[in-house]
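Shown here is one chain on its own, the form predicted on its own, set out as structure tokens.
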């Protein structure tokens, strides 16, 4: 080959063919592989709910009596008819809004007080020795037993119901936070001290992040107990709220509304717990799998 031909060959830059963008089917397959476990869980959940509704429908349709009586239990269709009627009733929506407001206030106060108090008790032995015996005496008292005392302590029913909700969620938050502090590895604390960290930095950089999983466990459990406490308080001393709605339906022998109130409580409780778990994933991204 001549020198001019070699020079001409070497002077022409090599061009790479353009890469075609991935097709829709490829992107869909890739998305499915990434979210396969989540989709499987959703599918199983849908099948489980459908099976539950089917069993409920059969038991109420045929009025089955086998240890448990389903003669007066409303069918899913009757509950759905009650739901379509209730969502157009401003009073029912007001019951839900008031219950959510009470939960928000009581649970927020419990978290604001319980988490810092648990951190302090877990870090300082004197604070633990002073507060823990009192908390252990009050903790086993059920929320429903606090209703008469709450009515005497607070001037209005609204304040007493929020107080009972606060008590119901406070102790799970406090105990789980304290448990998280007790499980912090002392080696991490000594390493921070050897590096010159002060007490405030150790508390912020070691104790608090290590206790966060237990704190959010306490928040989740506390939210569930808060709903139990709220419903008990509304049934006994309330005039509004989803608990009062359910108890009023029982007094008026409106069986479909009873089931509707129970389902509303379950859905609201589930939504509240999901919000806490979502917040936990945002605060603790290192725990994502």
Partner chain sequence: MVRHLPTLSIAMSVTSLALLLAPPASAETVTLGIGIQDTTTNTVTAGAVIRQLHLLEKYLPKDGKYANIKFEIEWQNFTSGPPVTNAMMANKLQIGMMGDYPLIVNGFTFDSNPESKSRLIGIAAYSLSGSGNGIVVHKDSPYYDLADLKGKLVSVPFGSAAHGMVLKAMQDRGYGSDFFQLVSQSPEVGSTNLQEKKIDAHADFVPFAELLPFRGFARKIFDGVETNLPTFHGIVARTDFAEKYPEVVVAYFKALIAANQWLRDDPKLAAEKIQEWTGINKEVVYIFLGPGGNMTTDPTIKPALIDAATADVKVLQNLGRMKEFDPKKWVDDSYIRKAFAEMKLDYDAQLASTKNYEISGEDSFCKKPITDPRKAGEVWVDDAGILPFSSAACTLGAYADFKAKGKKINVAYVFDGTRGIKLFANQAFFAVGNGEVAPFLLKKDAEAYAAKISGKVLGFDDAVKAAVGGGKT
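Numbering follows the first chain given and starts at 1. In this text, all values refer to a predicted model and were calculated from it rather than measured experimentally. Rigid core: the largest C-alpha set superposing within 1.5 Å between the two forms.
Just so you know, the form predicted in complex with the partner chain exists too; it's not on screen, but the next bit is about it.
> So which of 201, 72, 84, 182 gets a non-hydrogen atom within 4.5 Å of the partner chain in the predicted bound form?
Contact with the partner chain in the predicted bound form is made by 72 alone.
> Work out which of the listed stretches, 220-228, 248-256, 48-56, 23-31, brings a heavy atom within 4.5 angstroms of the partner chain in the predicted bound form.
That would be 248-256.
> Residue-level question: is residue 176 within 4.5 Å of the partner chain in the predicted bound form, judged on heavy atoms?
No, residue 176 is distant from the partner.
> Whether residue 152 contacts the partner chain in the predicted bound form should be assessed with a 4.5 Å heavy atom distance threshold; does it?
Because a heavy atom of residue 152 falls inside 4.5 Å of the partner chain in the predicted bound form, the answer is yes.
> Should residue 243 be classed as touching the partner chain in the predicted bound form when contacts are defined as heavy atoms within 4.5 Å?
Although the partner chain is absent here, residue 243 would stay clear of it in the predicted bound form, with no heavy atoms inside 4.5 Å.
> How about residue 36: is it within 4.5 Å of the partner chain in the predicted bound form, going by heavy atoms?
Output for residue 36 is no: heavy atoms all beyond 4.5 Å of the partner chain.
> Taking heavy atoms and a 4.5 Å limit, what residues of 218-242 are near the partner chain in the predicted bound form?
Going through 218-242 in order - heavy atoms within 4.5 Å of the partner chain in the predicted bound form - the hits are 235, 236, 237, 238, 239.
> Fitting the rigid core first, would the Cα of residue 221 be found 2 Å or more away between the shown form and the other one?
Result for residue 221: no, shift under 2 Å.
> Rigid core aligned, does the Cα position of residue 239 differ by 2 Å or more between the shown form and the other one?
Comparing the forms between the shown form and the other one, which are aligned on their rigid core, residue 239 does shift its C-alpha by 2 Å or more.
> Would you mind telling me if residue 237 and residue 93 are closer or farther apart in the predicted bound form than in the shown form, C-alpha to C-alpha, with a 3 Å or larger change?
Pair moves closer in the predicted bound form.
> Which way does the C-alpha gap of residue 237 and residue 90 go in the predicted bound form, closer or farther, given it changes by 3 angstroms or more?
Closer: residue 237 and residue 90 approach by 3 Å or more in the predicted bound form.
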